[in-house]
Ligand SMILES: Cc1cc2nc3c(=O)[nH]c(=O)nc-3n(C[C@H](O)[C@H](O)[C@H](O)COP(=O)(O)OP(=O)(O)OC[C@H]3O[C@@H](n4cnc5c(N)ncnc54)[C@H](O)[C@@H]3O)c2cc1C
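One chain comes next, on its own, written as structure tokens: the form predicted on its own.
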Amino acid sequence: MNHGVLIIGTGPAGVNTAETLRKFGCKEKITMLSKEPFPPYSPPLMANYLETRGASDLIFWKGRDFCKDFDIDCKTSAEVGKVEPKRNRIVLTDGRFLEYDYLVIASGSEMWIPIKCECPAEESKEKYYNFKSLTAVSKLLKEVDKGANKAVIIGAGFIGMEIAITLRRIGLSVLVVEMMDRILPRMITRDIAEPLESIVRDMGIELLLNRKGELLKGRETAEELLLSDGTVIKGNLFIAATGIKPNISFLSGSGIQTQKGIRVDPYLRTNFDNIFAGGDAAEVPDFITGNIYPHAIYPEAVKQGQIIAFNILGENVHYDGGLNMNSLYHFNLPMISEGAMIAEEKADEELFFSRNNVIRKIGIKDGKILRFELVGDKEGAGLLHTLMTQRRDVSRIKDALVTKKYNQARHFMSIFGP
């Protein structure tokens, strides 16, 4: 290789591609690009960064000197303008171009914000904030340090609730607006959400459910939010947590096939043999349902980065698909959710168990586990994960699984087999 491996993005997919290449003997040049001015960081640790007001280096989970330690040319504040696959090069927005032998697109995702904003602010001023990047979190932190004390968060998904709880912990007044009937609507069902919502309200966080944010208004920045029912919410820190979309606009005209994200084959290769994609930017099949869409899940990005590296090295490693999983610790109550998203596929039956602040729910389809949700006690999560991913028929042991009678479940399994 003359030009080596070029990686767009320094998130978990990009970092694990580079690290795996080096660990398994790649001596060629590796270049990583980030449009942010920071060394590689871990997105799941941004709440910790905000809560410590930027004092913790834990977010740089590979160390600030990761690129130096692994002999990687890391170019920060470098934004890709376009990709030219036929010329094996990319063009940066400042006009520079970089050539490659292999290209890895791990450009992540960006906020999807479907709310109109009537704020005649200059482009240099923030109308609203988000929690999608360390750059965005740093701007948010500056506003908190300047005295912003009333936060309005639009969206009660994973990111929205993480921001809400973190800001409440550092002393802000927090209100969350969600268009669905519960918090974490893509992750959990109503009966699981209710006890968590009680915990959230006990923290002092106000929840407005079944309300849709329609319009942000203000002078220089957002100062009030108009809801679908006509209610006007005032605040001095408006944060969008309304969803994400793959960051792939720079691929326009490149010939790289995209739909919602970048289309890839089972080896995470695009329609160009020397271009791979992974992380939030790539469309991959769901491990449980087979449906194809971007999986914005940290462990999957890590796995995809490793597989891309092995395939660049010629190993032909197959990616079996992404598994949705989320685990929250912010409620002072352990919670884990795995499997098909609630809106994606309906279970034939749902088994429910609740006792002493412990809730267990297992969705079954065609005798196999489709999803499971555990609150208050994560015991047995590993067993449920294994049974689900191995697509085992649990028809005879489903009641024992939901009530934690694991000895009985294992007994049945030993008799009837897979």
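Model, not experiment: these values are computed from the prediction. Note that residue numbering follows the sequence shown and begins at 1.
The same protein also has a form predicted together with the named molecule, omitted here; what follows describes it.
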Item to check | Residue contact check: P44 to the named molecule in the predicted bound form, 4.5 Å heavy atom | outcome: yes
Next on the checklist: Test of understanding: in the predicted bound form, would L33 fall inside 4.5 Å of the named molecule by heavy atoms?
Outcome noted: yes
Item to check | is_contact(A18, the named molecule) in the predicted bound form, heavy atom dist at most 4.5 Å | outcome: no
Checklist entry - in the predicted bound form, does Y298 have a heavy atom within 4.5 Å of the named molecule? => result yes
Item to check | Contact residue in the predicted bound form, from Q306, T189, S109, T270 (heavy atom within 4.5 Å of the named molecule) | outcome: S109
Item to check | in the predicted bound form, the one of Y293, F287, Y100, F250 near the named molecule [non-hydrogen atom within 4.5 angstroms] | outcome: F250
Item to check | Heavy atom of each of G157, F352 and E373 within 4.5 Å of the named molecule in the predicted bound form | outcome: no
Item to check | Interface segment, criterion being heavy atoms within 4.5 Å of the named molecule in the predicted bound form, picked from 278-286, 171-179, 143-151, 195-203 | outcome: 278-286
Next on the checklist: At 4.5 Å, heavy atom to heavy atom, what parts of 70-100 sit next to the named molecule in the predicted bound form? List them in sequence order, or say none.
Outcome noted: A78, E79, V80
